[in-house]
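Here's a solo chain for you in structure tokens, the form predicted alone.
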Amino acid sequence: MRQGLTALDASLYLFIAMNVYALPRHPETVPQPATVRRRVDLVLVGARGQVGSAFRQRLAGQQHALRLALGVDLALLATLDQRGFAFDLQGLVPDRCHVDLRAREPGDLEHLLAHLVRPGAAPALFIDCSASDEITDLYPRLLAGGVGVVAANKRANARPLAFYRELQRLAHHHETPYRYETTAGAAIPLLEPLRDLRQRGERVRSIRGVLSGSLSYILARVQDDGLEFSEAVAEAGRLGYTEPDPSEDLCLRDVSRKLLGLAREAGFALEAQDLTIVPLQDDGNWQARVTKAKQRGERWVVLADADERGGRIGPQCLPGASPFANLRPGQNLVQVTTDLQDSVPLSLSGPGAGPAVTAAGVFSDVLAAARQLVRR
């Protein structure tokens, strides 16, 4: 295998090897690489955003391999964002389609939805790399119409519990993929392990973690490198770690959506009002806080906890030996306590922010959802 492969690239090559090159020894029974292609139409929302742009570049690099090896043609049918729209029945060129975006017109989205859910339509995936409530409003209609949804957008699963449950019901009833692994932890697999625990009958008792790669980065720069808090926030924004509006991070609204989504996957029937939130404020006192913490051998982190009674999110000063206090800038760590994993919780960690990391996770969700669609 060539050097420089990402984890996602490596998994893709392994999947291809297992499905194409693991062939029988008798030449007359050796199948050839797939020549009959099954098309899956993709609609990308947030095409010019940082995650959407990184996803387009990854799609451009993998389309050909997927066509040859798996017989799946991931065709970029349409892209859109708040201002622009592009549509091509032959498929847009992923790494150049941003130049094809024209100004959105009032009927564009409705015409696109009608095309996706029409009788006899090709299998389709709606990929939401936005932070738009307008787009999450569409999820029930898409799932009911047989259109799969892959979401990096955290808003849908953090809406009232009844909406979350309705999305799960629609996906199950219509056998339509609904995947959203990157809504908590970017490309760290957090949600699937929680589902596995519940499916094998293991009760989740609590979740505890550093869930924001952006805040992890900001506090590391303040504590380790002496940056002013505002400078660290601006730097994190330039790197694509924060939300487009950094107040979403600092007021912990973004973390609260992640925690609520994780808690619901763990089986906790929580609403947003069940979370207690202490925002992370730039009040000019961070250098004094950091100095005092260092004198005590402690470190500031933004910690999130949830159990069946509710959740709590806010800055905490932890002993230096705590695994949460030893994370590298941008890293996330989640500990899951269950009936069987009590004294030593299940721990999952990795990079929790950045457009490339998030786009890689979105691409993994797209591949899994596309395989589900072509098997239907």
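None of these values were measured; they are calculated from a predicted model. One rule holds for the numbers: they count along the sequence shown, beginning at 1.
Keep in mind the form predicted in complex with a small molecule is missing from the figure; the text below concerns it.
With the small molecule omitted here, the record of contacts in the model of the complex names 149-157 of 259-267, 149-157, 273-281, 91-99, defined by a heavy atom within 4.5 Å. Within 4.5 Å of some heavy atom of the small molecule in the model of the complex lies at least one heavy atom of R48.
In the model of the complex, the small molecule stays beyond 4.5 Å of every heavy atom belonging to E105. Under a 4.5 angstroms non-hydrogen atom cutoff, the small molecule in the model of the complex has C129 among its neighbouring residues. The small molecule is not shown here, and in the model of the complex it never comes within 4.5 Å of any heavy atom of S216. Interface residue among P123, P246, G240, G145, judged by heavy atoms within 4.5 Å of the small molecule in the model of the complex: G240. For the residues I135, V255, V301, L194, the 4.5 Å heavy atom test against the small molecule in the model of the complex is passed only by I135.
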